[in-house]
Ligand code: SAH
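What follows is a single chain, given as structure tokens, in the form predicted on its own.
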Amino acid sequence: MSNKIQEKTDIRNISFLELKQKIVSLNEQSHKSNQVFEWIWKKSKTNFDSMRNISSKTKKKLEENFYFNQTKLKKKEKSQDGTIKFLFVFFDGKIGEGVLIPQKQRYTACISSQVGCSLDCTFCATGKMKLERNLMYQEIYDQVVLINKACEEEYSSKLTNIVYMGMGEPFLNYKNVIKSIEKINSEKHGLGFSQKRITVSTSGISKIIKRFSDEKLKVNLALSLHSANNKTRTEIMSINKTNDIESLKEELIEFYKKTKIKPTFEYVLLKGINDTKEEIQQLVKLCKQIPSKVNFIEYNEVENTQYKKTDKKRVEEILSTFDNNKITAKFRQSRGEDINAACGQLATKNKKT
């Protein structure tokens, strides 16, 4: 990065008030900050030339004082089932992935919060990458913009849902995740996307779930549970050593009390590991203690693991058990597995472009 750029400020990394103060200091009228902020966040522009109601004189001043750290789409790959995987390049050459999942009238963007992941869930490819860095809130926002553009081009529809279920642990990049939700949701200075159609997925960090509960958001919460048995969960998810099921249960009950939103348990079915009668009965018991619902997920093959998919007959038995107990449960079949875009498969092969 040149010395000249280092003297400038990333215009998307400052608040509206800071932008307003800077524009006034440049001897420009303060209302121009509203125009510029709208171009940046509502209309998703990443250059000053495209800001049509800004004078050339003002644009020149902006270019002398600010720059954009842009996220670019390097590659997209379409699955036989219509799922599209995206390879994003961030300003420093780091790369991350996102996914567009089309399903009837539902178009879901699965976005990343980190490059890599610091957790080591044994069934997930991303954890094998290790963590490179947190994504900034504008980089998370950019993924939504780029995936939405592709959705309109491919399916003539805007996104209907956003899930923070891509690479990384959102609650270990908490401030940027919350700020990105603000930008994605804001009607005045953002994309105007409903919070009710946004889901944040976490592997389970009790103290951050508590913090999230206090945000007074209408955002859905999903917990990657994968076992309601502490011994089993610790074996496949080491985070359970410091955030066991009892501590998670306490905070999830509080989350429901404060938000009236039922958390969703994400549960990848692993043959002979967490799909046994004993394991499923423990999950039923937990669901009866916490107002919740369950998404059973088909296991997707990951290199250097010995796990197998649960048989279809066993899946049907499990769903029947939940139906008999009047607990909402669904089975999510693999999508985009042929292009390594399915749940647990996101892992960039190259660390830099």
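The numbering used is simple: start at 1 and walk along the sequence shown. Small disclaimer: the values here were computed from a predicted structure and weren't measured.
What comes next is about the form predicted together with this ligand, which is not displayed.
Asker: So in the predicted complex, does Tyr299 come within 4.5 Å of this ligand, heavy atom to heavy atom?
Answerer: So Tyr299 counts as contacting this ligand.
Asker: Taking the shortest heavy atom distance, is Tyr137 within 4.5 Å of this ligand in the predicted complex?
Answerer: Contact with this ligand, no.
Asker: So, in the predicted complex, is Met165 in contact with this ligand at a 4.5 angstroms heavy atom limit?
Answerer: Yes, Met165 is a contact residue.
Asker: Whether Asn148 contacts this ligand in the predicted complex should be assessed with a 4.5 Å heavy atom distance threshold; does it?
Answerer: So Asn148 does not count as contacting this ligand.
Asker: Is it true that Glu169, Thr202 and Val268 each have at least one non-hydrogen atom within 4.5 Å of this ligand in the predicted complex?
Answerer: Answer is yes for this spot.
Asker: Pick from Ser213, Ser224, Asn185, Thr83: which has a non-hydrogen atom within 4.5 Å of this ligand in the predicted complex?
Answerer: Answer to the contact question: Ser224.
Asker: Exactly one residue in Phe90, Phe123, Phe255, Phe193 has a non-hydrogen atom within 4.5 Å of this ligand in the predicted complex; which is it?
Answerer: That would be Phe123.
Asker: Of 69-77, 140-148, 91-99, 169-177, which is the one stretch near this ligand in the predicted complex, taking non-hydrogen atoms within 4.5 angstroms as near?
Answerer: Of the options given, it is 169-177.
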